[in-house]
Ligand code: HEM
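Consider the single chain below, provided in structure tokens and representing the form predicted on its own.
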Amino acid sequence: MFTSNPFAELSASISPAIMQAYVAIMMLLVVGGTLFDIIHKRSATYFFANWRTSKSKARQQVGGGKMLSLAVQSAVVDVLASGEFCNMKRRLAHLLGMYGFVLYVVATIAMVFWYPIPATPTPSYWPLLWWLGALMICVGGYWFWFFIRVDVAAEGQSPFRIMRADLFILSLVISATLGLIWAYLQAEGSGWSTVALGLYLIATTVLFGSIPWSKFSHMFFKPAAALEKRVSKANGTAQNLPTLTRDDPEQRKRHSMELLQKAPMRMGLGIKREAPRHY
């Protein structure tokens, strides 16, 4: 089951051309939805305006070598390692979902377009990557939904409380879950596989078709925002926010002394305090 291409098996009842057309349409929805989101929210306009303002107010120039270094740091730390999450559990859940989604999508495209029928044998690693990616999405997604979400973990809200902002994570997790259920039922020869396939297609269509109203497109804005933040710190503007850096130990020392002077004398002494669970 884990080494067989579920889409090749499906080709006995659904033409590979139809499956390929569906995947192509989902790709177009991603492109179109992201462009619509950029235009509607004016994200690009805001980004470039911020970039020009930061450059005009720069206290020091950032050279080409430094810019390259900042770009690499943004890609490795902020994007590939999700360094913006200080809470390790939150970061791990995000990394599981992110890399799981990449594996899941790449393996789907490979199996649908390159090995769509049993006559073209699928290398065993593609189905394995597909299953692994979907499982990683489920582990990271359900972990986040039930145990890490700030309104659940810190505010005591019900994990079944749904808001519009939850559209992306819910549709992603449900799509991956239904995909696994469909593949399993199809491998077992169950008659319920058709029902599972229909639900899987509906959830997947919602995932890729709801980009203008979900957080899906933020994955494309994230690298640019991370780079802008690092450049603004390097040129001294720091997005007009106060900073405490390792390069200014005196500033950190003064800030620490001010906090100690303002803190209550018995802050936390003899009092059982609940460990913070928010991020």
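What you are looking at is a predicted structure, and each value in this text was computed from that prediction instead of being measured. Start at 1 with the first residue shown and count on from there.
From this point on, the text means the form predicted in complex with this ligand, which you will not see here.
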query: Proximity to this ligand in the predicted bound form, single hit among Y184, F144, F208, W126 (heavy atom within 4.5 Å); finding: F144
query: Interface residue in the predicted bound form among I174, I117, I148, V79, criterion: non-hydrogen atom within 4.5 angstroms of this ligand; finding: V79
query: Contact flag, M98 vs this ligand in the predicted bound form, heavy atom cut 4.5 Å; finding: yes
query: Contact label in the predicted bound form: Y200 to this ligand, heavy atom within 4.5 Å; finding: no
query: Contact of P223 with this ligand in the predicted bound form (heavy atom, 4.5 Å); finding: yes
query: 4.5 Å heavy atom contact, W131 to this ligand in the predicted bound form; finding: no
query: Proximity to this ligand in the predicted bound form (heavy atom, within 4.5 Å), stretch among 187-195, 98-106, 174-182, 117-125; finding: 98-106
query: Any residue of 202-227 that, in the predicted bound form, places a heavy atom within 4.5 Å of this ligand; finding: K215, H218, M219, K222, P223
